[in-house]
Each structure stands twice: as structure tokens, then as C-alpha cells.
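Included below are C-alpha cells for two forms of one protein chain, each presented in isolation as structure 1 and structure 2.
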Structure 1
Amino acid sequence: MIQFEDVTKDYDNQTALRNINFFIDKGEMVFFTGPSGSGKTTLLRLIYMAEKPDRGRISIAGWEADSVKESSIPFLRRHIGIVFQDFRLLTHRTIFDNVAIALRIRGMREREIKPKVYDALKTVYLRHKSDSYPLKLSGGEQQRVVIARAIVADPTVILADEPTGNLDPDTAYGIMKAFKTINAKGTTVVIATHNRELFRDTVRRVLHLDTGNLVSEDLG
């Protein structure tokens, strides 16, 4: 599903990632952890091809990073849902519209959009908030809207970059519960986090980064 082979990424003569190797199978939930500056965000950016590696090979669901055309990258990204730490919600649009936009830009008909949006909001326990606006929601609720937007188009992979970074422990628990529900339906979930509590006792693979190196792997 996702494979890195000897991947290195440099910025301005500084190495962000160095000779990274790993494989993530379809349907897995995997955590990348490490301190700030360890390379977690760069790794995610390479997966959704916002960046290209300087050396090495990356394969995402059969797409090869070194050979994919720029014009094809948007089609790849249709298979990837992304959850950012900064919510990037449209504050003047309802929660329904914030989630629906991911389908509308694909040209889906409105009568098909409605049930899919409601299903996504139900998955993150926000079906009752569909007519609300983002600024009326708590930080945890806003993050769950972002997750709903990421999953509404049925992506193969979900990428989450510090999805609970600004949330209290109880709210973070609810976010992880949503990710586990999504993963249980067969979606591959990749989470980058410095918060060890997110993967404690999950019995999921945890890959540890430090100063751009993949230094160890264990189970949470």
C-alpha cells in the first residue's frame, strides 16, 4: 500500500529524512512519533506528494513518486484523506457544507452528497451538528468535522498530522475513537504524533523518528 525505500529528503542542505525504509499494508493503522523536527510532517507530505524525495523510491497504492506526472497527482489525492492540525474549516459555511465540499469539487450530484455527508458526520458523532457553524463548535468538535471531511469521499488512506495537538486528553480520546472506527471499516490510517498516549496499549505499529532517522519500531 505505502512503501518507502531508502528515501532521503533535503531542505537547504539540511536533511529532513535520511534513508527511510518501511511498508504499510492495506487496512493498517500505523503511528509515526518523535519530537518536533524529527521529520514526521515531511514524511506525510511525501506520502501525498506535496514533496518529492531527493533520493529513494516511494510507492503509494501502485503510484510511483519518481514517475507520476504532476497532472496525475490530484487523482492520487482523491484516494487520500488528510487531517491537518489547523482545521482549515470555512467559518461562514455550515458543518454540512464544510464536509460536502470534498464531494462537490468532484462534481457529485447533490442527491448523492447528502447521505454520504450525514454518514460521515455520524461516524464522528456529529450528525446532530450538521446545521451549525464551525465557530459554534468546540476545538474537539471542529477536529471531528475535519475528519468527516477527510473520510466522506471514501479514501483508501487517511493521513493525520498531530490530530490532537491542541486538545485535552478526554477530547483526544474521542478523536482516536473516531480513527479506530474508520480503520475498522478497512481504511488505512497513518497518524503522526508526539503524544505517546495516543498509541499506548493500541497494539499498533509505532515507528520512531529522530532527527530525520527511523530509529526503531515497536507496538503501542
Structure 2
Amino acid sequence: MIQFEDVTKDYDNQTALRNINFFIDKGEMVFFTGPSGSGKTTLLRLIYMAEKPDRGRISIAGWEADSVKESSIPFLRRHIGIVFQDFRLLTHRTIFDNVAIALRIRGMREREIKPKVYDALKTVYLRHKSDSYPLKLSGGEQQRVVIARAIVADPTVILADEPTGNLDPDTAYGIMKAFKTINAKGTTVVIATHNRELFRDTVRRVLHLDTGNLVSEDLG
């Protein structure tokens, strides 16, 4: 499903990731962890092909990073639900529209969009905020909107970058439960976080990054 072979990514004069190797199978739930600046976000950006590797091979569900056409990247991304670390919410659109956009870009009809959006909002306990606007929501609520947008289109992979960074432990627990439920239905879930609590009592693979190196792998 997701394969990195000797992947290196440089920014200007600094190496963000060095000789990274791993394979994530379909249906897995995997954590990447490591301190700030260790390269978690960069790794996820390589997966959804917002960045190209400087060396090495990346293969995502059959798409190869070095041969993929610019025009087919949108179709790769439609298989992926992304929880951005910086949210990327549309501030002058309602919560409903923010979630619905993920379906609209796929050309889905409004009639089918409505129930799906409300379902996703229910999953993150925000059904009652659908007519509100992002800046009227708390940081944690905004983060949950981003999660709703990532899951609404039933992607085959979910990439979550620090998905509980703004959440209190209880809400974080709820969100993690939702991810596990989604994963149980067959969706591959990749979570990047420096919060050890999230994987303390799971039996999932945890890959440790440090200053751009993949240093170890264990089970939570």
C-alpha cells in the first residue's frame, strides 16, 4: 500500500529525511512519532505527493512518485483523507461546506453529500455546529472539523498529522476510538504524533523518527 525505499528529502541545505525504508500494508494502523522537526510532516507530504523525494522510491497504492503524472495526482489524493497539522479550513465557509468540499471536488451530487457530511460531523461530535464558521470554533473543535473532512469521502488511507494536538485527553480518546473504528472497517490509518499517550496501550506498529532518520520500530 505505502512503500518507501531509501527515501531522502532535502530542503535547501538541510536534510529533512534520510534513507527512509518502510512498508505499510493495506488495513494497517501505524504511528510515526518523534520530536518536533524530526520529519513527520515531511514524510506525510511525500505520501500525498505534495513533495517529491530527492532520492529513493515511493510507491503509494500503485502510484510511483518518480513517474506519476501531474494530472493524476488529484486522483491519488482522492484515495487519501488528510488531517493537516495546520488544519487548512476555509475560514469564510460554514462547517458543513468545509466538510462537503471533499465530496464536491469529487463531483458528488448535493443530494448524496448532505447525509454523508452529517454522518462525519456526528463522528466528531460536531453535528450541531454545521452552520457555524471555523473561526467561531475552539481549536479542538476546528481540529475535529478537519478530521470529519478527512473521513467523509471514505478514503482507503487516512493520514493524520498531529490529530489530537489541540484536544483534551477525553476528546482525544474519542477521536482515537473513531480512527480505530474506521481502521477496523479496512481503512489504512497513518498517524504522526509526538503524543505518546495515543499509542501507549495499543498493539500497533510505532515508527520512531529522529532528525530525519528512522531510528527504531516497536509495538505501542
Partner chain sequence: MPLPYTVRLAVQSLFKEPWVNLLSILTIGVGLFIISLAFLIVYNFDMATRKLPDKFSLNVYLDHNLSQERVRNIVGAFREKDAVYSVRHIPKQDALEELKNMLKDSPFVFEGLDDNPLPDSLEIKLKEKALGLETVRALANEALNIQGVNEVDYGEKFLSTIHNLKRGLHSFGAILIVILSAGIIFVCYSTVKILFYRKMDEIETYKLLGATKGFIRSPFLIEGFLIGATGGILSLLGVNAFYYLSVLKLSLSIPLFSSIIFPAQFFLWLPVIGMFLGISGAGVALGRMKY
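We call the rigid core whatever largest set of C-alpha positions still superposes within 1.5 Å between the two forms. Note that this is a predicted model, so its numbers are computed, not measured. Numbering runs along the sequence of structure 1, starting at 1.
- Of the two forms shown, structure 2 is the one predicted in complex with its partner chain, while structure 1 is not.
- Treating the motion between the two structures as two rigid pieces, residue 112 shares its piece with residue 148.
- The two rigid parts differ in orientation between the two structures, with the smaller turned by 16° against the larger.
- A C-alpha shift of 2.9 Å is found for residue 143 between the two structures, based on superposition of the rigid core.
- The Cα position of residue 127 changes by 4.7 Å between the two structures once both are aligned on the rigid core.
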